[in-house]
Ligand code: MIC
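A lone chain, given as structure tokens: the form predicted on its own.
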């Protein structure tokens, strides 16, 4: 039977299970990716797996998130991570070398491989024909140790792009925003999107990266662009053409679903606050006054993304960023920074009034450039969840570089098609001679690695321990939350909180600080508790701190109408039950302070029961359900993945 490319790659890497959607599978992993906000916990958990060196072909640790060194905390983390990378066999990309996702497609992503990264936007590498999956740090640590990566087999959706973009006013960002408009922030759950059709041919790799990056906002597992001439040219420019592989879907390949987008009919789109799925045509929000425009991050930070705003500023004599606008631009990597400096784009932006930032995540994760109170921010970034920018009551709009370019001049959101003919961009220089890895440090040899000591500053604490599940669990409901709670609500972004990413007891004190300020107080008084949530609980970032912090506070289970994929797995890996209401109306039973009991939860898990009994204080009862794979049941009974590996590790290899 003709196969699509996604299933071909999955089948080649399959080590256990069947490729039937929803069934548990284990995959051999080729590469892993860590960044500094997730890498501290992942590396310390790797230590606990008790494997001396990484067992994948390539593991990379990037420093790009926690780079505002307000005090000793982040420098201590980076020092520890560099030592761990040298000791365990991990490449180390130093601060300033670039944002992990952009550097990875420059230097490491390969067609046909599988990449697992402790960052939800790991999916970016799908631009080069990889299956690239975002996961929690513990799952990545386990993959680094040579164990199969476990996941539910995804559905494969064909996204057929017909026609061609009328660039530069309609851009690749509008393609992914159109998918979000159609499907919403949970429409991609347990699905991989494979892009086909004539419209893919003129999408350069960075443009594909924009789409693959933001496929995570659909809740999707990954996105895949079959390699073609654009892929080959990209790899040639990166001096690694040997990494190219000629592969694609078979003629007549079948898919589980199909979406068609006519690029000739596509216009500029904008995601309104406070969700990437709140997408409307630009004309619907045109005229909205702005206080800030931010261009770049792990998405829309390539050469063309910065050259267009530069060209708009240079197109008319004396044209500058509007006096009431604070504008910033972030190149995705050192390569891009050098390219815009050589070509003159850097000068166009600076002379036009744009503040140039270093190639790190920056405003995207609330690391500086927070918008003012009651001021609208227009960003080319990937998320606009409440408070992510660093301002609690922020109002962030997401858009393409084209919309951002004309809007920062006008001082309000503008339709770029009203601007007139697009300006000519300055040509991108050839990448030689600055295609190099001089700022990616190789690990020590195995003999030298044995003598490397890992320095740990006072803010670095070992991860919480896993303890086996009791026969029954009784606790009070500590909070009741609505739909679309993000991992940023559980473990907030921003310089203040993210400095504690290597200190779970400290970061736990920020859990739900905006959503429910009394949450931590209740758990400190009660010693344990349950969380109740609505649909799509745990959307967004892969940060396992959103599970580690509740674990630290004594959370035993989360009850929700539905879970986002990565967070659900993070809860399970940390030994926290992720239970789903069979009847959505049972959500309405929950009130803060009520006591719920799971009287025979261990027996029900061990017996393979689909339902878990819940008793309410006062005599009433109901059932909840779950989708735990057989191994996940064992993990939960053992209290978490680390403890399960200590007991059953050899069986898992």
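Numbering follows the first chain given and starts at 1. Just so it is clear, the model here is predicted, and its values are computed rather than measured.
Just so you know, the form predicted together with alpha-methylisocitric acid exists too; it's not on screen, but the next bit is about it.
Whether 365, 383 and 501 all lie within 4.5 angstroms of alpha-methylisocitric acid in the predicted bound form by heavy atom: Yes, the whole trio is in contact, each within 4.5 Å by some heavy atom.
Want to guess which of 120-128, 526-534, 199-207, 333-341 is within 4.5 Å of alpha-methylisocitric acid in the predicted bound form, heavy atoms only? It is 120-128 that comes within 4.5 Å of the partner.
Answer yes if any heavy atom of residue 541 is within 4.5 Å of a heavy atom of alpha-methylisocitric acid in the predicted bound form; otherwise answer no. Contact check for residue 541: yes, within 4.5 Å of alpha-methylisocitric acid in the predicted bound form.
4.5 Å heavy atom contact, residue 35 and alpha-methylisocitric acid in the predicted bound form: Residue 35: yes, in contact with alpha-methylisocitric acid in the predicted bound form.
In the predicted bound form, residue 466 touching alpha-methylisocitric acid (heavy atom, 4.5 Å): Answer no; every heavy atom of residue 466 is more than 4.5 Å from alpha-methylisocitric acid in the predicted bound form.
I'd like to check something about residue 568: if you look in the predicted bound form, is any of its heavy atoms closer than or equal to 4.5 Å to a heavy atom of alpha-methylisocitric acid? Judged by the heavy-atom cut-off of 4.5 Å, residue 568 is well away from alpha-methylisocitric acid in the predicted bound form.
Please pick, from 110, 87, 388, 78, the one residue with any non-hydrogen atom lying within 4.5 angstroms of alpha-methylisocitric acid in the predicted bound form. None of the other options qualify; the answer is 388.
Quick one: which residues from 59-85 get a non-hydrogen atom within 4.5 Å of alpha-methylisocitric acid in the predicted bound form? The one in contact is 65.
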